[in-house]
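Starting off, we have a lone chain in the form predicted on its own, written out as structure tokens.
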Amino acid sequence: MLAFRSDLARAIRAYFHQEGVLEVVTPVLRDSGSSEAHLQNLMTNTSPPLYLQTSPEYAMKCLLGAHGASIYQICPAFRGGETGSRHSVEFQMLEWYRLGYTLTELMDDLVSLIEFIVEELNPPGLEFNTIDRVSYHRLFEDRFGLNPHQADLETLKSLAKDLDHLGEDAGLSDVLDALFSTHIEPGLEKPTIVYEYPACQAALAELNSTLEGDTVADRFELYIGGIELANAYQELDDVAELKKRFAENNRLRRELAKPEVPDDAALIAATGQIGQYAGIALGIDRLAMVLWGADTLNEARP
């Protein structure tokens, strides 16, 4: 396993080297963390406190604004409360950003990376031919018979009445996420890219309109073996919208009795200077688990 993980890191670096994407290193500790309501930040017991980064996203975007070059990073990330066979408080992440890319081009880039890794490593756990691409709408309609982008909260809650972990105060995003993760995600055994997520789950992705006229988040996720491996955005580069989303995140955190997180001033300063770009985060531990044919993260770690 030690040799396999070394070979995996080498293959990742070889792919981006041939693509002319620069490897960077950003701080693990910063003066702000993620304000996304579902994430739990880990912090130092210092004055002022510092945040262990849930991903290198904000710091890498600051580099994009300052230097104007496509970049990638392999680094540790930290998320409190995430334990289990497929979760860990500390895990290894690959994150990269492509300047001038559309989300479709980033999908192609991800497929090329996975193909390169499989060709280099010939891993025992993954028989790889292609990666399917399907919309969130299509999957949801096939399973539940309705359009998730138009369904109201009460209708969705009626579909989720068997999910005991959802409270009465669960919002639209919570219910959609619970339905998807419980009833759809486990069935995504073949490598599959799911795109056009609900607008309420945009995070820092742009919003877009589908051919059917629905407003959606311009983002996608990669699943293999029923496991989410990667999460990608057509990245937001509008400072007013960024501040609005930070404010909404903290409003949700107040409702959930979670501590508010200060806005990332450096990211706000960089936003609006980058232009069109797309970015993606991929969990290397989970990728190793799938490639090796392991059942848990611990089996895929040296």
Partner chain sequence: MASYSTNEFKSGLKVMLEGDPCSIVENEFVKPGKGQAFNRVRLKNLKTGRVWERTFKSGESIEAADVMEHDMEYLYNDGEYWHFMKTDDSYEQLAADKSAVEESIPWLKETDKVTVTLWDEVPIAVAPPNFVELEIAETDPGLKGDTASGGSKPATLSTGAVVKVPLFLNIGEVIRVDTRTGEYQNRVKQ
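Because the structure is a prediction, the values reported are computed rather than measured. Numbering follows the first chain given and starts at 1.
Quick note: we don't show the form predicted together with its partner chain, though the next part is all about it.
- Residues Leu39, Glu82 and Thr182 are all found to lie within 4.5 Å of its partner chain in the predicted bound form, as judged by heavy atom distances.
- Though its partner chain is absent from this view, in the predicted bound form it lies within 4.5 Å of a heavy atom of just one residue from Leu172, Leu139, Ile131, Leu166, which is Leu166.
- Contact annotation: of the candidates Ile117, Ala203, Ala151, Val111, the single residue with a non-hydrogen atom within 4.5 angstroms of its partner chain in the predicted bound form is Ala203.
- Considering its partner chain in the predicted bound form, the lone stretch of 142-150, 187-195, 101-109, 225-233 in range is 225-233 [heavy atom distance within 4.5 Å].
- In the predicted bound form, its partner chain sits beyond 4.5 Å of every heavy atom of Asp214.
- Contact annotation: Glu57 falls within 4.5 Å of its partner chain in the predicted bound form, judged by heavy atom distances.
- Among residues of the shown chain, Ala178 is one whose heavy atoms approach its partner chain to within 4.5 Å in the predicted bound form.
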